[in-house]
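The chain below stands alone and is given in structure tokens; this is the form predicted alone.
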């Protein structure tokens, strides 16, 4: 669907304060992918996603959309903005309407849809993000933090983008709110069948939610593949200021203590299942 080839992006180009944010990055996004994008602060994650969303000035390199190579990024960016929806970190700060309904309807209204089409989009988006219909006429500012986050996501979902990018969507949420949001994203990907990119520095969030991951470090794409392969390279991740999920480090300790577990366990559920099998086999 979207492919970047040898993309380099420099902030304040040709000025003394110039800073290279991306260096020779190539990335392909296929229809229906659920990709986790990992990297420490300043690694280039946000810059990369803004280029995918068509929001930055032209970078060096090429961009193709749906198999079409564009001669210039400006033309590609117009197409990308039609296809890609970007949910920024702390999106609830962008809520401004009197009611939840109006906030979700804002994007579809700008798409010049009819009243019935807008109503259908709003209610479908609310359902997809697990937002109770009884909240639609409430003020968004009367909701909990997790509910506000879902209203903001619903506002993007209502525009029906082919690619949905979420930048640190669980930031600032309590454990219950984080779990609920990640479960909702899993359901959204399964039922909605759109491409989703989850940008996060939380290894736990990536491990439990996505199947493939890409790792950014100092503006370069240094790893890209199945989550199991990425997290099996824990030593390399640590040199980048990242880490494997906490449960995998616990599993490593159990293995060192003699428990016959796999080193490719990255979620609490997988660890519990494997330990239960061992316990049953010894009965």
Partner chain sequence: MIKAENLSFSYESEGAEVKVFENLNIEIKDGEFVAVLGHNGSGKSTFAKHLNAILVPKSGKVTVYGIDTADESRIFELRKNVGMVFQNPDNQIVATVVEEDVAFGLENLGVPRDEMRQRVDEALNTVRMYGYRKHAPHLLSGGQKQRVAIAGILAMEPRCIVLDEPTAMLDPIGRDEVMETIRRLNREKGITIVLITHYMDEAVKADRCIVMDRGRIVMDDSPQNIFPRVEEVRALGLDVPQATELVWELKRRGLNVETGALRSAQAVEAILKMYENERTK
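Residue numbers count along the first chain shown, from 1. Because the structure is predicted, anything quoted here is derived from the model rather than measured.
Heads up, the form predicted in complex with its partner chain isn't pictured, but that's what we're talking about next.
Peer 1: Which listed residue (189, 148, 83, 201) meets the criterion of a heavy atom within 4.5 Å of its partner chain in the predicted bound form?
Peer 2: Result of the distance check: 201.
Peer 1: The chain here is shown without its partner chain. Which stretch in 64-72, 27-35, 237-245, 218-226 comes within 4.5 angstroms of it in the predicted bound form, by heavy atom distance?
Peer 2: The contacting stretch here is 237-245.
Peer 1: Run the contact test on 172, 276 and 282 with a 4.5 Å heavy atom cut-off to its partner chain in the predicted bound form and return yes or no.
Peer 2: Checked in the predicted bound form: all three residues contact its partner chain.
Peer 1: Does any part of residue 194 reach within 4.5 Å of its partner chain in the predicted bound form? Heavy atoms only, please.
Peer 2: Residue 194 lies outside the contact set for its partner chain.
Peer 1: Residue-level contact is defined here as any heavy atom of the residue lying within 4.5 Å of its partner chain in the predicted bound form; does residue 21 satisfy this criterion?
Peer 2: Output for residue 21 is no: heavy atoms all beyond 4.5 Å of its partner chain.
Peer 1: Is residue 233 a contact residue for its partner chain in the predicted bound form, using a 4.5 Å heavy atom cut-off?
Peer 2: No, residue 233 sits far enough from its partner chain in the predicted bound form that none of its heavy atoms falls within 4.5 Å.
Peer 1: Are any of the heavy atoms in residue 121 no more than 4.5 Å from a heavy atom of its partner chain in the predicted bound form?
Peer 2: Close contact is absent here: in the predicted bound form, residue 121 is far from its partner chain, nothing within 4.5 Å, heavy atoms only.
Peer 1: If you apply a 4.5 angstroms heavy atom cut-off, which residues in 126-161 are near its partner chain in the predicted bound form?
Peer 2: Read in sequence order, the lone residue that approaches its partner chain (within 4.5 Å, in the predicted bound form) is 142.
Peer 1: Residue 233 and residue 258: do their C-alpha atoms lie closer or farther in the predicted bound form than in the form you see, with a change of 3 Å or more?
Peer 2: Their C-alpha distance shrinks by at least 3 Å in the predicted bound form.
Peer 1: Quick one: with a 3 Å or larger change, is the residue 258 to residue 236 CA distance smaller or larger in the predicted bound form? Answer closer or farther.
Peer 2: Relative to this form, closer in the predicted bound form.
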